[in-house]
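We begin with a single chain expressed as structure tokens, specifically the form predicted on its own.
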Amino acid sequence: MVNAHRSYILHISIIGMLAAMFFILPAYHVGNLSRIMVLAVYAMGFNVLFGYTGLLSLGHALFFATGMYGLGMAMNTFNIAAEPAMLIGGICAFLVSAVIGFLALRTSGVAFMIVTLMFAQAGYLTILYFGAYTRGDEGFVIPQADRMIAGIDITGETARYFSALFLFSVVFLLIMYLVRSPFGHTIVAIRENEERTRMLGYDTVRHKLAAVIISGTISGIAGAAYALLFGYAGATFATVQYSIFPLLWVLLGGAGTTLGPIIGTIFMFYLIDLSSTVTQAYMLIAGVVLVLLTLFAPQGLAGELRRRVFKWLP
């Protein structure tokens, strides 16, 4: 119970700190944090599947792009308002993740990784093939006049930041509740020893399918929010690169921790941002730092804090 209170206070404090950052940081970093919080939601979705369930997906960009194009095409093609378009993006991600989960979970291990990668590539090629509707590589811009939620223009710095913070806060607290629930304990048990979990009477396939759906839906909502807040949907977000990014963010921050996704996203974002101001070979610097972290903090930044100091960290 004490640990639960500590966890609750920690999560609320992080949300409060992010809110305070808007009034403290310069405009440049406020803009960066808006983007980081949405991408951290994407990483949190990935972490449900990889960090807690132990299933490595290399095709999560498919879910992110599904939510993004679900919202973008609803608004651009059918002139649907932002609120129902967000819902459409989430529903599209839910349906796609359910279908992909049902098919991909017939495999396991390396085969699961390959199958998810293949589905993601199929999604990317589908976007290119139907370029007449998706505008292919070019993508499309969502008009500023349409980016309104409850009558509020979210293209402004303040509204965009606190919209991103609201989404981040809801998902952040939801994940905290999820991992402490019986379902959360079960998927962790599956990660640790699926055979023993099955012998105890749990339907491991059903729990893994639920994890894929929850993970894909959260990632799709992040994609829809990204398109709405930043006004663009493009095929780039469906490429393998955007399947690798959440893996890096989660590994750096700490897989299987609620704090890992936000810590890893901030770290990776600013590592690339700062190193690119020093040299054009900024990815070399990023690569060296990643190797060092892998060697000396194999459980990620939050994971190492939990292992060495704060045993109660969720």
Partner chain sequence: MVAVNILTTKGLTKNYGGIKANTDIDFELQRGKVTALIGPNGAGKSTFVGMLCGRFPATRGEVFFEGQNISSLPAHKRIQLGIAYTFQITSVYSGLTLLENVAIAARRRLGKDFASVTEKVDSVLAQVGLSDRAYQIAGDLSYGHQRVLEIAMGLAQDPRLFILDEPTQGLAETEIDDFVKLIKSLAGETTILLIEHNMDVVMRTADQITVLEFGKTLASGTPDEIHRNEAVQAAYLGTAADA
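These figures come from a predicted structure and were not determined experimentally. Numbering follows the first chain given and starts at 1.
Unshown form predicted together with the partner chain; subsequent notes refer to it.
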| item | value |
| --- | --- |
| Proximity of Ala132 to the partner chain in the predicted bound form, heavy atoms at 4.5 Å | no |
| Contact test in the predicted bound form: Pro143 vs the partner chain, heavy atoms, 4.5 Å | no |
| Exercise: Tyr202 in contact with the partner chain in the predicted bound form, heavy atom 4.5 Å | yes |
| Heavy atom of Val240 within 4.5 Å of the partner chain in the predicted bound form | no |
| Thr197, Ser169, Thr155, Ser163 - the one with a heavy atom within 4.5 Å of the partner chain in the predicted bound form | Thr197 |
| Position in contact with the partner chain when the complex is considered in the predicted bound form, options Ile149, Ala189, Leu125, Ile114, heavy atoms within 4.5 Å | Ala189 |
| Interface stretch in the predicted bound form with the partner chain - options 208-216, 83-91, 179-187, 227-235, non-hydrogen atom within 4.5 Å | 179-187 |
| Heavy atom within 4.5 Å of the partner chain in the predicted bound form - qualifying residues of 89-118 | none |
